[in-house]
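Below sits a lone chain in structure tokens, taken as the form predicted alone.
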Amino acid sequence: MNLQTRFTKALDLGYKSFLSKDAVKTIFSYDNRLREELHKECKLHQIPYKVPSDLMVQNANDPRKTKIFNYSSQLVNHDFFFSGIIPSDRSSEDADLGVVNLKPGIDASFGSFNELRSQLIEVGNSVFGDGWLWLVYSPERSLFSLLCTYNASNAFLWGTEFPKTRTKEIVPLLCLNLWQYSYLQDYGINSKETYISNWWNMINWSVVNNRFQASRMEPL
């Protein structure tokens, strides 16, 4: 399911106790603006419009095309963020199925799922300014860890030599949007911690597990 389809469904329902319909509408409007600006920048630089992930990688190291990178990277982050949330029309029980497979690695890396939750809330609430919080996996070390990226940057390009998008160092599994537009409407300026706590209850662990299993099958 692509992001536009997810937004269309969420515009009518919101995301249960996490994001209201109005908040989803605000994010959807911002996402559409990013796409419009990306189209304009591609036209300006005479670059064929491609999927945002391709544009992100191809323009990451060119200072003349910083806007193309920022817009495309932010769109990639949006898609990854929402694809890791339980859809409004799905049962949370289905999303919890991945916990069993992830538990040994999470316990080895953080001590427990409860400790992972505590660290996500603490680290996310400590992020100053706009950014993203990621749960990543290191195939080389067989460990999970947290990573913060700021503004429109993301974990897909962390530690890579362009134009590679995959890295032996880390594999992104989950991300949380910490830009203010994502939580101000529902939570206000002082309740980011509640926003993160409610997001935890909406994580689709089946999706996270699928990403984890795929990383283990890819050759280093």
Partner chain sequence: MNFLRIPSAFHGVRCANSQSFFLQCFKSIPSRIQSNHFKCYHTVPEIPERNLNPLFSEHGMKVAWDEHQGHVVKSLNDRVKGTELEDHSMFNIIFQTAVLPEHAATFQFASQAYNNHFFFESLISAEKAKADPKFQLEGNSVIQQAILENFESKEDLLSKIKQLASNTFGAAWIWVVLDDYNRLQVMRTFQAGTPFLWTRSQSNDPHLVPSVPDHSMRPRNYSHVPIFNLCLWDHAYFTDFGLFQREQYIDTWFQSINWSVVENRLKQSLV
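Residue numbers count along the first chain shown, from 1. What you see is a predicted model, and the numbers here were worked out from it, not measured in a lab.
One more form of this protein should be noted, the form predicted in complex with its partner chain, which is absent from this view; the next part is about it.
Although the partner is absent here, L184 lies within 4.5 Å of its partner chain in the predicted complex, judged by heavy atoms. Its partner chain in the predicted complex comes within 4.5 Å of no heavy atom belonging to Y49.
Proximity of S153 to its partner chain in the predicted complex: non-hydrogen atoms within 4.5 Å are present. Residue contact check for E169: none of its heavy atoms lie within 4.5 Å of its partner chain in the predicted complex. The candidate stretches are 96-104, 139-147, 71-79, 114-122, and the one lying within 4.5 Å of its partner chain in the predicted complex by heavy atoms is 71-79. For the partner-free chain shown, N61, D62, P63, T66, K67, F69, N70, Y71, Q74 of 61-79 come within 4.5 angstroms of its partner chain in the predicted complex, judged by any non-hydrogen atom.
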